[in-house]
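For reference, the chain that follows is the form predicted alone, supplied as structure tokens.
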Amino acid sequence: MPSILDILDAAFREAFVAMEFPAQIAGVQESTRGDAPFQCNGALAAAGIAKKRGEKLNPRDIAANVMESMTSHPMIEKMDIGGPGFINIYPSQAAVSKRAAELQDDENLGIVQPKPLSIIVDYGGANVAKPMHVGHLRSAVIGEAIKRLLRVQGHKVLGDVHMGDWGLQMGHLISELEIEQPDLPYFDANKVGAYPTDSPVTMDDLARLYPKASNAAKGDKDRMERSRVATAELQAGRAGYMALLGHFIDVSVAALKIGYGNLGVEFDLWKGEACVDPLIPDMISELKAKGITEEDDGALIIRVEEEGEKKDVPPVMLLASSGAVLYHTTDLATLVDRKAENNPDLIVYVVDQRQALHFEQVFRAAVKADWYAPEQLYHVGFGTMNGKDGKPFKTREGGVLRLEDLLGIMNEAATKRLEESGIGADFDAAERTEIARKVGLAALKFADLQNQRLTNYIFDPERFTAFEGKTGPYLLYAVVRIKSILRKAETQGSKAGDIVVAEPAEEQLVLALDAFGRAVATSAEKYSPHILCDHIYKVAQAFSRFYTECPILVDDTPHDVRASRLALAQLTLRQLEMGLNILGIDAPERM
């Protein structure tokens, strides 16, 4: 069943068409002024069209004519004209009550599911052998929310971490390990047979080996050459090095699953660049055969700049003059792999906006190769989380902050906030610790997601963990308060019934809840979780007003009114929890 706004929107468009005005000018929207929940501003545009047709009609006259044609609409209680010709629309309480009942019975709470698509969401992008850091936060949090938004619409969605597990960094690791432990069997070029199944390194070893090798190579040409040779031999398929790479990946994935798990982020595919390296020779041959490659200064390229284009779009670099493959090459090979393995309708890349040009180049090359249509590839860019100096967030020493340390900062801030407010003071230590973890994580994730994703924002744990204002903890508290009300009602023997809207605050809450499907659809369409964040916050605010103005469990509340308000509280809780779950946020049972 469509929402109240959707029904009114269709009716007003029909009314304008009947008056020989185009339907697109007559959309109904949530009101931004006055007490009316909805408004239609089509009369202003219609007056301009009438003037061009030589008709003398002012906007208020047109609005009056539209209102007259709508007087018998069963969902409308009243209408009036505001300003130069805005039509203010007030739905009937009966219509609002009917819609509340529909939402109660709908397991999807008003979310309309379009034709299902097969979608891959590429996000995460962590590197093998390197600890997760603050730079991985936004891709993980935004990507997870987008994946869940698409899934709740009924799409078949796979999340792919797309690890960095190829290139010079692997050569650094292999060569440094050989320097430290030259007797390992992986370095014996004459070895025949299987290699050990147990990894010779831990994640801590990898985290130490890489920077040690990288720093040494910066000031020593011979050391750099050693890493380059190891990289070339790895990419040529040397057995011992490939076995080491397998260990590096296994150890790193185990650590990454813990790190992403602490963020509430999960992936279906744990693939990296190494997975597609075997596909590159055949891919290069295919691209050459299609006649879209050319040699330029010894390099193999694909020109992707379009004729008459004003901006500069450099060519895709398939092979360097040295014959080495580059990021363009592995990303194109990944597209080939996904086409063969999954044949998705759509691939969404959730990657820092600073990589926008790279993806535009790769996408154009994939389209030119006739592998994908332009609408099948989409880059979801985002800004950076910055320190108070306005620059990407770092440690006091200027280094990149580890993700586990960032979560520790948020946990500490949440613990302090809970202690100051006295929330959970009577709970045991284990429960208080778990509540603080959930509050800290909700604070961090909501602070990120509530921003328009292309904007940068300042890391401020004190502001993020506040229980007032538009914050994650505020929303958690709203959920916990409703749970507390429902538990108390159960002890009193009170049960929910049919929702009958009688008070303004009840109507405002139902209308807020009725916007959920629209918020989810728009968030998914624009890959913009902040739209859903805005909706959830509005619902929490509407419930707060409702709870203040419409007593639920007080003794003098009539039985049928109490049953209706309990049902409305249950419906609100379901929607808040579903909305937060889409954002990857989990609420405690109590605080």
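Residue indices: 1-based, along the sequence shown. Given the structure is predicted, the values throughout are model-derived calculations rather than measurements.
Keep in mind that the form predicted together with a small molecule is not shown, yet the notes after this line are about it.
Residues within 4.5 angstroms of the small molecule in the model of the complex, judged by any non-hydrogen atom, belong to 161 to 169 and to none of the other stretches in 481 to 489, 161 to 169, 318 to 326, 414 to 422. Each of Asp122, Asn127 and Phe359 places at least one heavy atom within 4.5 Å of the small molecule in the model of the complex. Taking the partner from elsewhere, Asp331 is found to have a heavy atom lying within 4.5 Å of the small molecule in the model of the complex. Among residues of the shown chain, Arg138 is not one whose heavy atoms approach the small molecule to within 4.5 Å in the model of the complex.
Although the partner is absent here, Leu149 is not a contact residue: none of its heavy atoms lies within 4.5 angstroms of the small molecule in the model of the complex. Contact annotation for Tyr241: none of its heavy atoms lies within 4.5 Å of the small molecule in the model of the complex.
The partner is absent here; in the model of the complex, the one residue of Phe516, Phe446, Phe382, Tyr349 having a heavy atom within 4.5 Å of the small molecule is Tyr349. Out of the listed residues Gln355, Asn215, Asn456, Ser285, Gln355 is the one that sits within 4.5 Å of the small molecule in the model of the complex by at least one heavy atom.
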